[in-house]
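Take a look at this single chain in C-alpha cells; it is the form predicted alone.
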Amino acid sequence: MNIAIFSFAHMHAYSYARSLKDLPGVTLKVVADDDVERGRQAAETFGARYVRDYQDALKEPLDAVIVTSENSRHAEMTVAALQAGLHVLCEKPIATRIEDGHRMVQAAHDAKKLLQMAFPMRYNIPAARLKQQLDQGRLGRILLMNGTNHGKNPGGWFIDPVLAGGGAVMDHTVHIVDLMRWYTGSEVREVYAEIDTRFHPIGIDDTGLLTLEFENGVIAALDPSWSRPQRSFPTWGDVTLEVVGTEGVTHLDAFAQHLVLYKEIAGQAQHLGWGDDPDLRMLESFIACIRAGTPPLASGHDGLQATQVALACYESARLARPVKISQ
C-alpha cells in the first residue's frame, strides 16, 4: 500500500511517518510540501520521493494520503485527494470553517472513500479502557466530566489566525470533546466559554475555560490552554479526564506511563514515555480499515462535530453568553 503525506507543516507528520515505516506492506511513497527545504529533508529522512505541489503527488500510484498541513489547507488537500480516488487521514481540526468541513465529509461520501480524523486519543490504551468500562456500565450513568488538554505554545503558524483558525481553543478543544462525545454517545447542545490571551505576547488566544452541556444532560468542563512553560516544562502537556457517574468516579491520565529523566547538562527534566504509541495504533487502524473496507473509528463526521464545538466556544466568548449548537 502506497501512502503520501501532504505537508510536514504539522509536527505530527513526523510521528505518522515513523509509524508508517513500522507497518508491514506499507510504503511512504511521496512527500508533498511547498516548503522545499522542509519537504526535501523529510522525504530524505523517510525514504520517500519529494514533490513541491500536492497536485503532482496525486498523479502517483497511491492508495491513501495523510494531510498534515496548516489547518486552513486541510479542506483543499483532502477534497482533492478524495476526488482522485484516495483514502484520507486528516489531521485535526477538520477545517477552520464549518462549511469546509461539510464539503470534506460530502466529498468522502461521493467518492466512497474513507475520511478518517487524526484523533489518536481514541487509540490510547488507558482512554480505550475507560470507554470499555463506561460501555459495561461500571460507572453507571455519566453525570459530569472535567477535562484538560494543557500544552505549550507551539508557535509558528499555530499562532496565525488565518492559517490556524484559532489558538489554543481551536488546537486543543477537539481532542477532549471527541473523547467526551465518544464516551457519552451524545452531542454537545450548548457551550459557554471564557477565552483570552494571558501567557504569551501573541495576537491569538492561549487560554480558555469551556463549559459544555450535552443533549443527554451531561455537564462538562474543559481547560485547553497553552499554559505550560516553554523551556522548563518536562513535556508538551497532558490529556486528563475525570468522569463522574451514578455508580462511581474515575480519573484518566492518558500519558501517566512515563519516566522522568533529570539531566545535569540539559538542566531540564524530561518525560520519557514507556506506554503505548497511540499514533502507531491509529495508523494501524487506518490501514486495516482501508484493507477491510470498514468505517474508521473516528470519521470525518466526528471531526466536524468536534470542530463545531470549538467554533461555538469562540462565538460564546465573543458574545459573552451561552451559545446553542444546532445539529
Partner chain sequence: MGFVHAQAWQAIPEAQLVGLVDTDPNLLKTLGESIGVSGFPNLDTALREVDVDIIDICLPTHLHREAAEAALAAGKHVICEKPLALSLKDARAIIDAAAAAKKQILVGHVLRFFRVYQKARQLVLDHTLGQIGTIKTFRGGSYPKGWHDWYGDPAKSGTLATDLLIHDFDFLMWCFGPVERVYAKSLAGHITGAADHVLASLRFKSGPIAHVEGTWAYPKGFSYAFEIAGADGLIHFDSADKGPIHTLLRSGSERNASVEVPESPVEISPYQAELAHFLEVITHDALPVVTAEDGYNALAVSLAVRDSIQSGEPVLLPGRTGGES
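Only a predicted model underlies this, so the values are computations on that prediction, with no experimental measurement involved. Positions refer to the first chain, counted from 1.
Keep in mind that the form predicted in complex with its partner chain is missing from the display, and what follows is about it.
The putative spot formed by 138, 251 and 259 is fully lined by its partner chain in the predicted bound form; each residue has a non-hydrogen atom within 4.5 angstroms of it. Using a 4.5 Å cutoff between non-hydrogen atoms, residue 126 counts as a contact of its partner chain in the predicted bound form.
Contact between residue 47 and its partner chain in the predicted bound form is not found at the 4.5 Å heavy atom cutoff. Interface membership of residue 246, defined by any non-hydrogen atom within 4.5 Å of its partner chain in the predicted bound form, is confirmed. Proximity of residue 130 to its partner chain in the predicted bound form: non-hydrogen atoms within 4.5 Å are present. This chain is displayed without its partner chain, yet in the predicted bound form the stretch 251 to 259 from 191 to 199, 251 to 259, 114 to 122, 208 to 216 comes within 4.5 Å of it by heavy atoms. The listed set 40, 301, 29, 281 contains one residue whose heavy atoms approach its partner chain in the predicted bound form to within 4.5 Å, identified as 281. Note on contacts: among 60, 70, 276, 63, the single residue with a heavy atom within 4.5 Å of its partner chain in the predicted bound form is 276.
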